[in-house]
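Taking the form predicted alone, here's one chain by itself in structure tokens.
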């Protein structure tokens, strides 16, 4: 009973702090931030990074890093475009999710069985996926398919209210898997200590493959949302696909700071709203996009990090 009361108090305080922050943003922007048109844009923009961040949260929970996620999103978005234009919504959803899941699953097979550090292997995989995307865009056989925008009739998942419905469904799935399943428990156990988990009977390799499937599903849906919103995915080369996970990465890092008080799965959509609201406010205030906005984001993250580490004594990994 005491824990439930404490959790409720924390949730109420958290919601009040978030509401206060949004009101402050609105005051600073002269009432433009909470204007219906602007806030609708803010909400619609948090769906892609939230799904990507949920996928990354499962990776981080077991102690792995995957820098090829951006490249996976590009190829999954290409698949959604091609098959969506051919077969409608079934093609948009199934093709994007299958490609995203398959590629992340392949990544985790490599991580699990080669023992190569995941950050090294994933950067190599990112280059492979970028090269594949570049080939698809330049090959005479596929160029016309991947450079054609997704038909507007099949882009509803990138628009409210359907994107919000998808966000709610993704939240429910992520919360249940992370907190209420044996797989979720094993994933967190591996992240705590792989050898101890193995000694306690956890099949580490099998669990890692489950991580690949679960994370891949979220990354696949992220690609579906992204292509449904933008309509056309541009090819990435020279590891520029890694920039596609900067915001989701910042969201996960902020959510990890907050997880002492709020479950990380719950924190992710909230942090998505915070991060994108900051970018949106900076845009309203005419702060140049790109480097200066990213510098401001970095400063905010340092502030949040200091706040999150107050009272901590151990060394942060």
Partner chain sequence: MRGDIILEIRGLNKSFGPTAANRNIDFTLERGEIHGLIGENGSGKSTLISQIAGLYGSDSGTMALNGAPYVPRSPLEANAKRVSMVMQELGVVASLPAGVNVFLGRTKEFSKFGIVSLKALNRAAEEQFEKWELPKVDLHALADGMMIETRKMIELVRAMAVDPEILILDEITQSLSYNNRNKLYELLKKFKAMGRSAVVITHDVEELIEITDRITVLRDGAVAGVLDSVNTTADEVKRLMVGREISGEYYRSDSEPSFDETRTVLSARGLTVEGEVRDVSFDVHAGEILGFCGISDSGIHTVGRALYGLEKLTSGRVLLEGRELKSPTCALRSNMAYVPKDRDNDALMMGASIWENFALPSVTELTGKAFFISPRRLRALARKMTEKMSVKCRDIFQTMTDLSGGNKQKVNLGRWLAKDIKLLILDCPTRGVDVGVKAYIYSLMKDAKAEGIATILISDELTEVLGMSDRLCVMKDGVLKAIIPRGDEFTEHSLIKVMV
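Positions refer to the first chain, counted from 1. As the structure is a prediction and not an experimental result, all values here were calculated from the model.
Separately, the form predicted in complex with the partner chain exists; it is not shown, and the next lines address it.
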{"query": "Contact residue in the predicted bound form, chosen from 101, 118, 197, 163 - any heavy atom within 4.5 Å of the partner chain", "finding": "197"}
{"query": "Sole residue of 189, 110, 242, 204 within 4.5 Å of the partner chain in the predicted bound form, by heavy atom", "finding": "189"}
{"query": "is_contact(residue 156, the partner chain) in the predicted bound form, heavy atom dist at most 4.5 Å", "finding": "no"}
{"query": "In the predicted bound form, residue 185 touching the partner chain (heavy atom, 4.5 Å)", "finding": "yes"}
{"query": "Non-hydrogen atom contact residue 152 with the partner chain in the predicted bound form at 4.5 angstroms", "finding": "no"}
{"query": "Distance check, residue 180 to the partner chain in the predicted bound form, heavy atom within 4.5 Å", "finding": "yes"}
{"query": "Stretch in contact in the predicted bound form with the partner chain, which is absent here, among 213-221, 93-101, 141-149, 189-197 (heavy atoms within 4.5 Å)", "finding": "189-197"}
